[in-house]
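Presented below, as structure tokens, is a lone chain in the form predicted alone.
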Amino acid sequence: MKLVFAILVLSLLTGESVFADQREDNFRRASEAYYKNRWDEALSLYQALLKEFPTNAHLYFNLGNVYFRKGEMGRALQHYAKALNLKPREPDIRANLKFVQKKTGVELPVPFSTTLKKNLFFWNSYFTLHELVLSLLMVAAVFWSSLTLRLYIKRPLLKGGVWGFGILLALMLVSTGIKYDETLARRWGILIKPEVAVRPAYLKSVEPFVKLPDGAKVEILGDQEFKNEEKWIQIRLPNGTRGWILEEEIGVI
């Protein structure tokens, strides 16, 4: 199993059909640089392409591979997470993300309520918010159509169908609400520097109450910028504790 993950980490998602002409040539050059271990060149080329295609999961995935090869695990996880947000059912992305997470060994304690929601609505991680909304609308349409028919056709089978689609609609409403909260209502980031000092206030003179390794996922609550261009980000740990870190220590998902 470890060998399978290792092989996946070394692979790239091509996505050549997405690009054309000069852009496709740049993509090939970036892939060639990657396979020849020219990490900085590959990084520069993929980042340039990403400016033109900011929603391309292939580019985020390949950037994650480059950062992994450079030994920057936090950055690798950040880009794998971005790729997974765009293509949640892509097996290579899921495999690489899981592989690097295991390699870093970062596992912050998570509240029981969060674990419960994740287990009850396990399918949420396989669908984008857009896909869940479309599914919700389709289930709602079938439910109201069945309910309307039930007013005119008194059959037990139809009654059971109304109840079934009603329960499914309720589940979809909750599921979509949870996905909305996770993807739009909240902002997330991954720590990209080793031993990030989390402080109770946005001052370097304040003693940190905890130090976290790169790769840890946290919620972004806000920021504070000073005239000397030093910018602080307020974060919330999975256990609910709030603190402040420097902007360059976190990568937004």
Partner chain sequence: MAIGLSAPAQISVSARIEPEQATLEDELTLTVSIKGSMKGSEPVLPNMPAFKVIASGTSSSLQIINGDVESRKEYSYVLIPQEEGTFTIDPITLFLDGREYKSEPVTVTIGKALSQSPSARPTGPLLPPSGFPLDQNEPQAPSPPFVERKGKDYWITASVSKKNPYINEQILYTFRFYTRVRVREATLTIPEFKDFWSEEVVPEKKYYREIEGDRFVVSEKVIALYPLKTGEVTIPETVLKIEVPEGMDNPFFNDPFFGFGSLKTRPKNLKSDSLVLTILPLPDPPPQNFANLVGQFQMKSALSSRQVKEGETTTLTVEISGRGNIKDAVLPPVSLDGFKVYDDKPVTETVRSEEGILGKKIFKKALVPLTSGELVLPPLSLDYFNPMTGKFESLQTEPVTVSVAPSDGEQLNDAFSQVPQNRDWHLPVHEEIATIHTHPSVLMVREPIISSRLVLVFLFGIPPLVYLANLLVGLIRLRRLQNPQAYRKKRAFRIFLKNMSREGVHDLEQIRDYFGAKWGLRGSGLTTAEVIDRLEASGMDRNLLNDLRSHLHALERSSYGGEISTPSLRSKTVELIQKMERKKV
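Numbering follows the first chain given and starts at 1. On a predicted model such as this, the values are computed, not experimentally measured, just so you know.
This protein has a second form, the form predicted together with the partner chain, left out of what is shown; the following refers to that one.
Within 4.5 Å of some heavy atom of the partner chain in the predicted complex lies at least one heavy atom of His130.
The partner chain in the predicted complex is not approached by Gln78, whose heavy atoms all lie more than 4.5 angstroms from it. In the predicted complex, none of the heavy atoms of Arg199 sits within 4.5 Å of a heavy atom of the partner chain. Using a 4.5 angstroms limit between non-hydrogen atoms, Phe53 touches the partner chain in the predicted complex. Think of it this way: in the predicted complex, the partner chain has a heavy atom of just one of Lys211, Arg186, Lys204, Lys36 within 4.5 Å, and the residue is Lys36. Interface residue among Ala141, Leu116, Ile167, Ile153 relative to the partner chain in the predicted complex, by the heavy atom within 4.5 Å criterion: Ala141.
Shown here without the partner chain, the chain has Asn62, Asn65, Phe68, Arg69, Tyr80, Leu86, Lys87 in 62-89 lying with a heavy atom within 4.5 Å of that partner in the predicted complex.
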